[in-house]
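Only one chain is included here, represented as structure tokens and corresponding to the form predicted on its own.
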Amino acid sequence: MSRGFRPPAPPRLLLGYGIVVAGLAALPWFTELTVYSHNLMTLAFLSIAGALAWNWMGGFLGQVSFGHAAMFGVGGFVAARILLAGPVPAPLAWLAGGLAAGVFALGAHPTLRLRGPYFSIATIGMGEATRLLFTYWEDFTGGSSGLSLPIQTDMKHHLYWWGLGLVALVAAASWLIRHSALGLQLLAIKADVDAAADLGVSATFYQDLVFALSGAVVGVTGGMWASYFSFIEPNDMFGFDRSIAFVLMAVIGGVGTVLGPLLGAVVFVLLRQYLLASYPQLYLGLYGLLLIFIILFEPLGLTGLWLRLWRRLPWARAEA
């Protein structure tokens, strides 16, 4: 660690974090948000939680997954089936969906022996196989017709606070993982898995652990997504474009950073809404161009850009 880097003191960090979360929680009460703005912020919260959880795998561990839509879909459909089965509180259904998604992620254990692009290609295959399986499993998913959930009064409105609560927990977990012994072990595996094994770090165990935790959080967001829209179908929940979205959000914000995916998810949601409204046939291609541009010119995304600008400030240069 360089002498110029000084991590924020925990009391200041906790105070600032608490103020931001409390401010966002109180925002709808003190500001007249339009229905569109309220719903857009809810979707942003769900996207942020998924991006931060993906970053545990793709950023901290260095295993870039293109198959997280599988866990998102599993969590969504399990939660939907529980809600359709009887009067179960929605949060319990979301947690059950997350647990199922975490267990499902452990089924990808054989792929964790692969590294780099080989792992990424394997996760693409896993995601597509899962999409096809759930599409033809009509008794569980409704097939191409999907599932319609019971509409609960004010559920979409209340999901704003549930989504914010999930983001608050996942963001705190990201900071704790990154600044813990677990985070150091993950970075060791990311740098050189063989050297980490020589030092006694069990790459297999920690990769399974992080994949399960990441999948569980993404599964919870899938359950919330199902309750938000009250309708889900396999091609949407398990679509490859959803997996790409998790990757893009982290890349835009800064892969491997603690809160970079949070910034990336906000930009991604706003950009997606604009592109879908203005260029519905081109938005995926524009995402690809954005991804190439960031990789070529600013690999750390918005976080790297902010650090570069920060170092240009007079007081930052003086401190350095």
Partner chain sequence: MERFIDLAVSAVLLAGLYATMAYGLGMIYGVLRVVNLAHGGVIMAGAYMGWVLHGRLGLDPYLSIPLVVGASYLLGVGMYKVLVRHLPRGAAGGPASLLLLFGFWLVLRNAAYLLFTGNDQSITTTWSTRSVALLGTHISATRLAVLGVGVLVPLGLHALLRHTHLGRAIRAVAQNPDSCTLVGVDVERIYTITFGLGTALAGLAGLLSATIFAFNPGSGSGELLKSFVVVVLGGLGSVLGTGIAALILAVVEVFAILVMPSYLTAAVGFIMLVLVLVIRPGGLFGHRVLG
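Positions refer to the first chain, counted from 1. As the structure is a computational prediction, the values presented were derived from the model and not from experiment.
Omitted here: the form predicted together with the partner chain. The next part is about that form.
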{"property": "Contact test, all of 118, 251 and 291, partner the partner chain in the predicted bound form, heavy atom 4.5 Å", "result": "yes"}
{"property": "4.5 Å heavy atom contact, residue 111 to the partner chain in the predicted bound form", "result": "yes"}
{"property": "Residue 41, heavy atom within 4.5 angstroms of the partner chain in the predicted bound form", "result": "no"}
{"property": "Proximity of residue 62 to the partner chain in the predicted bound form, heavy atoms at 4.5 Å", "result": "yes"}
{"property": "Touches the partner chain in the predicted bound form: residue 126 (any heavy atom, 4.5 Å)", "result": "yes"}
{"property": "Answer range among 209-217, 167-175, 240-248, 97-105 for contact with the partner chain, defined in the predicted bound form as heavy atoms within 4.5 Å", "result": "240-248"}
{"property": "The unique member of 149, 159, 122, 78 whose heavy atoms fall within 4.5 Å of the partner chain in the predicted bound form", "result": "122"}
{"property": "Residues of stretch 133-148 in contact with the partner chain in the predicted bound form (4.5 Å, non-hydrogen atom)", "result": "133, 135, 136"}
